[in-house]
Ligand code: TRP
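In structure tokens, one chain follows: the form predicted alone.
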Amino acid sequence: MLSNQAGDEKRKSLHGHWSSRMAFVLAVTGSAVGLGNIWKFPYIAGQNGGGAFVLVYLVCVVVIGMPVMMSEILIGRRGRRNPVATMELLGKEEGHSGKWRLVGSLGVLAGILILSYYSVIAGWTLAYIVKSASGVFAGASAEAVEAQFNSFVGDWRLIGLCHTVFMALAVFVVARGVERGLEQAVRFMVPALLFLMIVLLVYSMNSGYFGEGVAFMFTPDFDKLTWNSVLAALGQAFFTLSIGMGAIMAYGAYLPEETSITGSSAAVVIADTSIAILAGLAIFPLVFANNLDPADGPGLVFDTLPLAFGQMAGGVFFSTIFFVLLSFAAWTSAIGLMEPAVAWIVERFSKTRAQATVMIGFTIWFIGWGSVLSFNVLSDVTFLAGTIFDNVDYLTSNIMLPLGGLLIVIFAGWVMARNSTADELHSSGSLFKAWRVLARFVAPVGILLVLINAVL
């Protein structure tokens, strides 16, 4: 059934719109580029053999990540409402059930839960800016760096304070609205993030081990590639693009009608993937220069890299630059995670944007204390996947995001009329046909594999 085209032409976002295609690309790139690119991607690549993993990751980004992103943007622009209202509205317009709003609700809830623990880790990056700038890591031994980290996460008051400061920064930006808040922030922070990354990359190129880092990143060793590595690449591609959590749908609602979704999505995917690759190229040479382990896991950023910077000339300055970079990346992602819930509160309960942002910010801050205490006071309280932090991370990253992405791509590919999606994508030619095949068949199968692996 065709949707009401007249209604679509008159439908406007209640929250304003992006002033240009570039503003939208920067905003979505800012939401997508976060700790997943700079903190998580390098160590997952390190754990899965480097080059072969990177190759599989790139394929997953193109054939699964991009079709899902395009689906989420086109749904958002079609509905012009918060994710919950958009899914309900379009479900009815396309001749189906308004219960599709549950998919929007899943995304909003996922964003809240993800930011509740993401804010805690992001708070660590703020603390490590101060630690780096004060020279704590200069010449420090591996034992001293590890002791610093253990002492830090063991102090619930300190990491709680960092969590509070980071959430206040996110609330400040989101409360200012689309153009005065979100757009102004990303216009500064995304270019700044890229600049800092390039500075760090140049520093890494002069480490004497840049060749080893390049070889590790781009020389495929398929003997090290396991089925779990493939699933990890698929999951990372999904997580790093911020799809399935409502942020991209909310941002799509503010996208001008004349802007190409295909071109914008391609620009975001290229930018996001490039920053992940640059992060690896900046980090691995420093790891090899200090005879450290590239498969050091989550500790790569907070244990291994401070040790590496501490042994190098100019390490205090560049360590500080690195953690500023991480903080910017986390900040731009956080405002994207908050936006769907804030838009929902504004529309559903007729609150002002400032009121809605404070309400959602406080809720996320409060939930986040479960993760704060997971590293100290409640570290011995474990169930299912581990601590409270471990469970929230597992539930959102392994279950909620893939499930949300699966339902979104099914809705765009199977529920929405062909004419509706062609209208939003401004095409019915070969690019549209390619998207339709990927969205209807390839992406759902890939996402199902991630879900099955997570459950089993």
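Think of the rigid core as the biggest set of C-alphas that the two forms share within 1.5 Å after superposition. What you see is a predicted model; the values in this text were computed from it and never measured. From 1 onward, residues are counted along the sequence shown.
Below: the form predicted together with tryptophan, not depicted.
- Tryptophan in the predicted complex comes within 4.5 Å of no heavy atom belonging to Thr273.
- Interface membership of Pro42, defined by any non-hydrogen atom within 4.5 Å of tryptophan in the predicted complex, is ruled out.
- Proximity of Leu193 to tryptophan in the predicted complex falls outside the 4.5 Å heavy atom cutoff.
- With a 4.5 Å cutoff on heavy atoms, Thr125 does not count as touching tryptophan in the predicted complex; it lies far away.
- The partner is not drawn, yet in the predicted complex one stretch among 134-142, 302-310, 245-253, 81-89 has residues with heavy atoms inside 4.5 Å of tryptophan: 245-253.
- Phe239 is the sole member of Phe239, Phe284, Phe323, Phe166 with a non-hydrogen atom within 4.5 Å of tryptophan in the predicted complex.
- The partner is absent here; in the predicted complex, the one residue of Gly36, Gly51, Gly46, Gly413 having a heavy atom within 4.5 Å of tryptophan is Gly36.
- In sequence order, Ser333, Gly336, Leu337 are the residues of 318-347 having a heavy atom within 4.5 Å of tryptophan in the predicted complex; the partner itself is omitted from this view.
- Ser132 shows a C-alpha shift below 2 Å between the shown form and the other one [criterion: core-superposed Cα displacement of 2 Å].
- After superposition on the rigid core, the Cα atom of Ile335 is displaced by less than 2 Å between the shown form and the other one.
- Taking 2 Å as the criterion, Gln236 counts as shifted between the shown form and the other one: its C-alpha moves by at least this amount when the rigid core is aligned.
- Cα of Met167 to Cα of Met189: at least 3 Å longer in the predicted complex than in the shown structure.
- Relative to this form, the distance between the C-alpha atoms of Asp390 and Tyr57 is reduced by at least 3 angstroms in the predicted complex.
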